[in-house]
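Take a look at this single chain, the form predicted on its own, given in structure tokens.
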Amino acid sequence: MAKIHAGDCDFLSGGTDLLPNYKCGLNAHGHVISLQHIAELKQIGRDSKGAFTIGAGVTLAEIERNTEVPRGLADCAAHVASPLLRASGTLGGNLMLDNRCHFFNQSYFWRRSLGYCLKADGDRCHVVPQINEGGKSVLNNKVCVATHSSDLAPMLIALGAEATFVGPDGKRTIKLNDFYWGDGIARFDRKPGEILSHVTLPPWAFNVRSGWKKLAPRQSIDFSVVGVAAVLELDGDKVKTLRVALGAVDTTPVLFDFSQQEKRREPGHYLFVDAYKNMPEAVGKKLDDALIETIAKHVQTQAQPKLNVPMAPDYRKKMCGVLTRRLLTELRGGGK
């Protein structure tokens, strides 16, 4: 079916993000293909090889209640939207949320009165109207900075998850961290006709401490305007593994792997976050208050929120550091 309607269809699971966008005429396609009755997408737990997988059709409520998933992932799922939406919204839908922006998430008539935007029907970005090219300030008709607002994506990336896709060319598996692009329009690396089948957590994700914190206008219903996921493993009082991932501050989730073992493609533009620029050493060091402060300051310094979702960018930038500090302090105290 997807092949028949190639280029003019969307896949529908829970529909909690896709359908509101359709109602506003936001990049709607001519056909919608439901995935709701595919049983293989709704499985969660160990597969025949012992790997822990979560199907793309598993609801957020199921992840929230599951006692086997890492604590940070369950807590993250529990803070998405509202109980009613979590009962319908799915893992796959949350990972593929459309990027959000003040100038995009509006009615058709509102957008028409402004002249549309680069992400839908227009030819310019209203958030960053000018960019520097070759030393000159030019009209920004190329770079969309709409914010990636999935909560589960940064948490799963911090936990090292892989994503498996099934499509006309067969099956492929990639690091979830490599799935997202630094582009508010293209957003991710999904090939035509592909659907997300499931994500797989590595064995080490169950041997670390993990946690999640978010900032939103309201803790229920509203999308995050800052999300912080952290994964910590200690050897005594020294850092063995430390991964922090930011959500809702850039066009993609942003991973800070302080071992610097997992690096993704270059940001691609100076408007986007470079997580590894001037990264401090943490692995092998004692996780005292001073090191937590250093890590929090690095995350805060590198974050580049834009004025395209609620709350001022400078406040959201500061809260990246505040939430990182709080989260690492809590994880240092124990728990998984």
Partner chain sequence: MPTISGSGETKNEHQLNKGVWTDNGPPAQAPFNVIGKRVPLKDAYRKVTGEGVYADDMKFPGMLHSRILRATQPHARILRIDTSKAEALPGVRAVVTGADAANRFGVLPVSQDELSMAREKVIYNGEPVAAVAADTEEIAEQAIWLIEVEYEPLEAFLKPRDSLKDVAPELQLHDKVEKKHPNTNIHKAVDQEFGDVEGSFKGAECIVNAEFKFDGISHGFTEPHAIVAHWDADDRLQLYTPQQVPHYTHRALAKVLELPMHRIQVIRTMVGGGFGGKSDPFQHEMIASLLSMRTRRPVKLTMDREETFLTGRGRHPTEGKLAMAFDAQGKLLALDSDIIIDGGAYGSFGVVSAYYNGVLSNGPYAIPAFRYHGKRVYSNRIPSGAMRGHGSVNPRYCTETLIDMAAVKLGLDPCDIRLRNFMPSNTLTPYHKFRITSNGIREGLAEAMRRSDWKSKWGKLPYGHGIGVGCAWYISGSALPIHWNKLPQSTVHLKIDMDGGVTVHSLAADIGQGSDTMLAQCVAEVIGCSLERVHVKSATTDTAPIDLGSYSSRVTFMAGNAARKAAEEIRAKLASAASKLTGQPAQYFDLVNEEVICRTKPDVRVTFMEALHEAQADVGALVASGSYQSPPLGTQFKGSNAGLSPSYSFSAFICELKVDPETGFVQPIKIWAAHDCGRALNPLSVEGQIEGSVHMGLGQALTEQLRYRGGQLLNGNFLDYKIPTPFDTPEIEVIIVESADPEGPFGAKECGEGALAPIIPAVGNAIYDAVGVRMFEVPMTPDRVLKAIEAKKRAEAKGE
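Residue numbers count along the first chain shown, from 1. On a predicted model such as this, the values are computed, not experimentally measured, just so you know.
Omitted from view is the form predicted together with its partner chain, to which the following refers.
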| query | finding |
| --- | --- |
| 4.5 angstroms heavy atom contact with its partner chain in the predicted complex for Q261 | no |
| Distance check, E233 to its partner chain in the predicted complex, heavy atom within 4.5 Å | no |
| Touches its partner chain in the predicted complex: A186 (any heavy atom, 4.5 Å) | no |
| Proximity of K191 to its partner chain in the predicted complex, heavy atoms at 4.5 Å | no |
| Contacting member of D222, D75, D178, D121, with respect to its partner chain in the predicted complex [4.5 Å, heavy atom] | D222 |
| Of M279, A28, I38, M311, the one that lies within 4.5 Å of its partner chain in the predicted complex (heavy atoms) | M311 |
| Listed range touching its partner chain, judged in the predicted complex by heavy atoms within 4.5 Å, from 158 to 166, 197 to 205, 242 to 250, 94 to 102 | 94 to 102 |
| Those residues of 98 to 132 which, in the predicted complex, come within 4.5 Å of its partner chain by heavy atom | R100, H102, F103, Q106, S107, Y108, F109, W110, R112, S113, L114, H126 |
